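One chain comes next, on its own, written out as structure tokens in the form predicted alone.
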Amino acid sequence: MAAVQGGMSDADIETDIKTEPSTDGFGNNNANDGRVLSASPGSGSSTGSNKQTAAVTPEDQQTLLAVLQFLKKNKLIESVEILRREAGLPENSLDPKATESAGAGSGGAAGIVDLEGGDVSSLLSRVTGSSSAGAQAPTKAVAEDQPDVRVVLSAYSQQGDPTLYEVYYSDLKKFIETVLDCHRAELSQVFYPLFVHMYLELVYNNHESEAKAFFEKFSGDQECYYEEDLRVLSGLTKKEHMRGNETLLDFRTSKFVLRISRDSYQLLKRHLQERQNNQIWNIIQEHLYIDIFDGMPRSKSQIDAMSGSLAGEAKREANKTKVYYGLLKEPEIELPLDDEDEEAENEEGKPKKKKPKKDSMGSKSKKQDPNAPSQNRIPLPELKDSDKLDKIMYMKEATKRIRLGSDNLPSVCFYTFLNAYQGLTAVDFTDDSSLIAGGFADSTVRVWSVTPKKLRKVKSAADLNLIDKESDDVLERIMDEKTASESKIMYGHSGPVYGISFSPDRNYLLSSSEDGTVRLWSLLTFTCLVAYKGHNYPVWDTQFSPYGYYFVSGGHDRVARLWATDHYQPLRIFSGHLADITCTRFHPNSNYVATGSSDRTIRVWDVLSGNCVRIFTGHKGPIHSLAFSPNGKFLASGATDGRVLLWDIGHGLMMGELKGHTDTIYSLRFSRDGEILASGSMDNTVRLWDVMKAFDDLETDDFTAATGHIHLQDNSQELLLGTYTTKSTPVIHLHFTRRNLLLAAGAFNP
């Protein structure tokens, strides 16, 4: 029940609820003041803004009632109340008599929703089909249900003279090029979304030659980071091409967000009103969300740093939610004496006093971090005896950890997969660095031991009955020595394996595949225990929580799912990305999940509520790697643009940009002490960065925190500590051992 509530309410707010009141353009966090302040520029009537300020349309009212009836039928009362309040519907709206009378009162326009009838299912199919943020990919929904595509495209049907489109756009372009430099950079942001929507209107209304001329004349003026989107757009030359196209549906169902200062916005509005440029003004009202702020206009470099995503920048209020990024209090575990200390006794027979160990973990465990969530905010698994032993081993290793820095770089050990013939698609190491696993394009999962200890299976049930279960070495006796080998192969997937993750206790392994499933494997029997089915398309990544039990997956269906190992249905559905989710990462305190997407955004989700609490924009290509810092304060992201971006999770700000790689960054990892960030790329290099210097050098004042504007220093060369080049091996995974040795892995590409 919780999963439905968390996922559905979030998706509905994102896409379907269109009854939110228009906010005043002169407020702090609002946009599109034109909706309230005036109609189409130059006109005396208010017809231009009727579409925006009108109440719920009959079709929307009918759809909402159908959804509410469906939820009520399935006893999801809490979800019903949340959705009803969001939509502003009266409390008796679900009463059949009230619904019927409402329909009759409006000439039957609202329609009568039959709780048991087929009307509900047909309306629900329309809702799920038209939502690009939903769990199903738009292409599939469109193929199944063509009428809802016409609903999505209908906004393009009531437009004017096609010959004037070039005139309107050229006029606006000429105006923006002549304004003061301080306003030009901000106002230039409107070019791209206006260009796309004007082109789509021409195509939809069958003005093919005008559309082609418009595209050829103005596509070259757009920013270079929209090149891939424009390439896709150039293929839409006929009305028939628009049906089922993902790019179009993304633009139509999500408003492009622009952040503009109040002075710049007033200039734009005044110009459009003076020229009576209704065409452009209507597009701004219909398809753009202008986030107006008070203060100096942003510079070109500040705008470029945050631009590039499929739907513009993030709204500032999207990053205002409180995030508990601190670490959970470590359990109290007493460190036993070392063997040599136990044996060393003085002449009186008394053991020597143990010296107190200076351990960062131990010091953290005594005080609760004020920014940390409460210990029981989400239910976490209890520590087993084996977990406590592992914690003790971890703490002992931590005392021998090397302190890294600019004058003390880590050694790098590279594991090269030979004869993989480019079939290696995913790699992971266990936390103690004893095992390495690989996912392959031939649908197999392989596990290797990188220590002298070989991999063994548990004995058969008959042999286990013969074992003395009271013996001290029972854990050794249950293992079958006959099965000992350096590696194991596990079969089960029916497509390439794209994501792989070990459980913290090293007993389990997760793998995600092109076949749409996530599989849980036992590392005691080397067999598949469960196949989790929920994604409809390839699953690009999966990862275990730092505490085990929970795991997250993300894929081509644009949805991330939170699972528990003992539930075959997801606990939460994180919906909001506009393209494939390509990478997933748990926060160190396990209360949050980060997802990176082909829509060029990163989202951070609250595991408890299922809500999106952070949206980060700035990458110019699909995001393929994420890493949280050990203290939970920072997030690093890498993408196909070859840049590493650093984010402050608490303030929701970009903290830095690391440039140097020349190809896609597939792996990022912070050192155990958080001093150094390692990045691995398809350019066959591993680079080490001084991230603490990057965080310390950046000054954030109150204005920056309030507006989200920062001045990024171009100091990548100062922060680059070292570059390690392989002969011909793209780096697809990085891992710091408990003592801060860096392990890297990739497949040799002859």
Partner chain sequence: MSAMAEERRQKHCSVVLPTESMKAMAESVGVGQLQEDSCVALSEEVSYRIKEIAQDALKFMHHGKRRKLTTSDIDNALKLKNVEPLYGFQSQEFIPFRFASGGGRELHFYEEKEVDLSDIINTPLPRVPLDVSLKAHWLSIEGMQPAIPENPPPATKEQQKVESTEPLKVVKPGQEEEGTIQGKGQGTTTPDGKGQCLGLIRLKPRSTHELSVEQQLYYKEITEACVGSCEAKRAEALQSIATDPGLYQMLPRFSTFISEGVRVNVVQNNLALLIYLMRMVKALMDNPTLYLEKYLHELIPAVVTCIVSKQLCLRPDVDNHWALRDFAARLMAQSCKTFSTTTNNIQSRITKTFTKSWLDDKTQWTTRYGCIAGLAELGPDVIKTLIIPRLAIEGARIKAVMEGPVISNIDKIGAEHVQSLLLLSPKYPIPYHHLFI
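Numbering follows the first chain given and starts at 1. Bear in mind that the values here come from a model prediction, so they are computed numbers and not experimental data.
The form predicted in complex with its partner chain exists for this protein as well; it is not shown, and the discussion that follows is about that form.
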{"query": "Non-hydrogen atom within 4.5 Å of its partner chain in the predicted bound form for each of Asn245, Phe417 and Tyr421", "finding": "yes"}
{"query": "In the predicted bound form, the one of Arg456, Lys315, Lys72, His556 near its partner chain [non-hydrogen atom within 4.5 angstroms]", "finding": "His556"}
{"query": "Contact assignment for its partner chain in the predicted bound form, among Tyr666, Trp563, Phe670, Trp281, heavy atom within 4.5 Å", "finding": "Tyr666"}
{"query": "Interface stretch in the predicted bound form with its partner chain - options 167-175, 625-633, 605-613, 235-243, non-hydrogen atom within 4.5 Å", "finding": "235-243"}
{"query": "In the predicted bound form, Pro410 touching its partner chain (heavy atom, 4.5 Å)", "finding": "yes"}
{"query": "Partner contact for Glu514 in the predicted bound form: its partner chain, 4.5 angstroms, heavy atom", "finding": "yes"}
{"query": "Its partner chain contact at Ile436 in the predicted bound form, heavy atom, 4.5 Å", "finding": "yes"}
{"query": "Partner contact for Leu721 in the predicted bound form: its partner chain, 4.5 angstroms, heavy atom", "finding": "yes"}
{"query": "Residues in 625-656 with any heavy atom within 4.5 Å of its partner chain in the predicted bound form", "finding": "Thr640"}
